[in-house]
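In the form predicted on its own, a lone chain appears below as structure tokens.
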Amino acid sequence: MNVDISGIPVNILGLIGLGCISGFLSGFFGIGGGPLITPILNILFGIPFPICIGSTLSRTVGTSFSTVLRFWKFGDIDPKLALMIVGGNFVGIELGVYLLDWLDKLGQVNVGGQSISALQYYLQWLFFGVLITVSGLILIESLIHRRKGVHRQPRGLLRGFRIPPYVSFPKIGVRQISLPATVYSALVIGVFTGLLGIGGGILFVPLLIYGYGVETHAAVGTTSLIVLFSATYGTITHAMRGNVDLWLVVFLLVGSTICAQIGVIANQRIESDSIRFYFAFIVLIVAGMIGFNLLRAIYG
């Protein structure tokens, strides 16, 4: 049974199944699932990238809301940190959407003897670069700790920036961190949200853990609230440009809202180092899929 998405017949059960997988990952890792769903919708289902991006953000709103409620119950969310981050994040989203419009106007590029959309080609390379970098760094760090048998919390690189004014987040153990470092790092991630349709979770989780030194479970929980805010803003921005397909959003939400709860429960039962390891492994798989698709486009 198929549904028409932007003129393309798409299998409904496939969308619901993809929603289930992304919902579990959203609850388990605190990510909205955009970096996983967006390229899959484009590569496997053939849906245009702008529609994938806008609709994925819309689905993320529903999934993240469900996830936030569960993490709030466990006390793993710092609303002060989340609200401070989204200010810079919203500015970045606007910049990202502007870049998306600019890429869409580039037309076609000649790759491997065939003409393909410049938007699709460049976004896949950007997805691939972001996912490989994030997964590689986290995988190396988590493997080192697993081999040593020591479950140690990363110290937080951004805590070393001595740029006033400073803020503190005692609820999650951050005594002092530079406010400009906090806001500008969120702005950069906001660009990826607007450009790639990711709620930012796949970047915010490592940022909070390795940049701010936040404990892994609290980083995942707080990120889920940040993703809810940024995905809501991104959805509005993309909807104004006609990049949201309601049927696509509905079928993705059917599976994701239920499975997100299962993911949160699983998160509470697994050690922090293991969560980071699994996170990197999942991201690496998706990066490999994108890389394979790029090679196929280049070499036929």
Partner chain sequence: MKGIFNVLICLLFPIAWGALINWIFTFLERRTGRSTHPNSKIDYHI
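Everything numeric in this text was worked out from a predicted model, so none of it was measured. Positions refer to the first chain, counted from 1.
The following text describes the form predicted together with the partner chain, which does not appear among the structures shown.
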Handout entry: in the model of the complex, the one of 214, 77, 131, 195 near the partner chain [non-hydrogen atom within 4.5 angstroms]
Key = 77
Exercise for the section: Answer with one of 189, 205, 86, 123: the residue that has a non-hydrogen atom within 4.5 Å of the partner chain in the model of the complex. Expected result: 86
Practice task
Report yes if all three of 72, 167 and 184 come within 4.5 Å of the partner chain in the model of the complex by some heavy atom, otherwise no.
Solution key: yes
Handout entry: Residue contact check: residue 95 to the partner chain in the model of the complex, 4.5 Å heavy atom
Key = yes
Handout entry: Non-hydrogen atom contact residue 158 with the partner chain in the model of the complex at 4.5 angstroms
Key = no
Exercise for the section: Would you check, heavy atoms only and a 4.5 Å threshold, whether residue 179 touches the partner chain in the model of the complex? Expected result: yes
Exercise for the section: Check whether residue 138 has any heavy atom within 4.5 Å of a heavy atom of the partner chain in the model of the complex, and answer yes or no. Expected result: no
Practice task
Specify the contacting stretch among 170-178, 113-121, 99-107, 205-213, defined as having any heavy atom within 4.5 Å of the partner chain in the model of the complex.
Solution key: 170-178
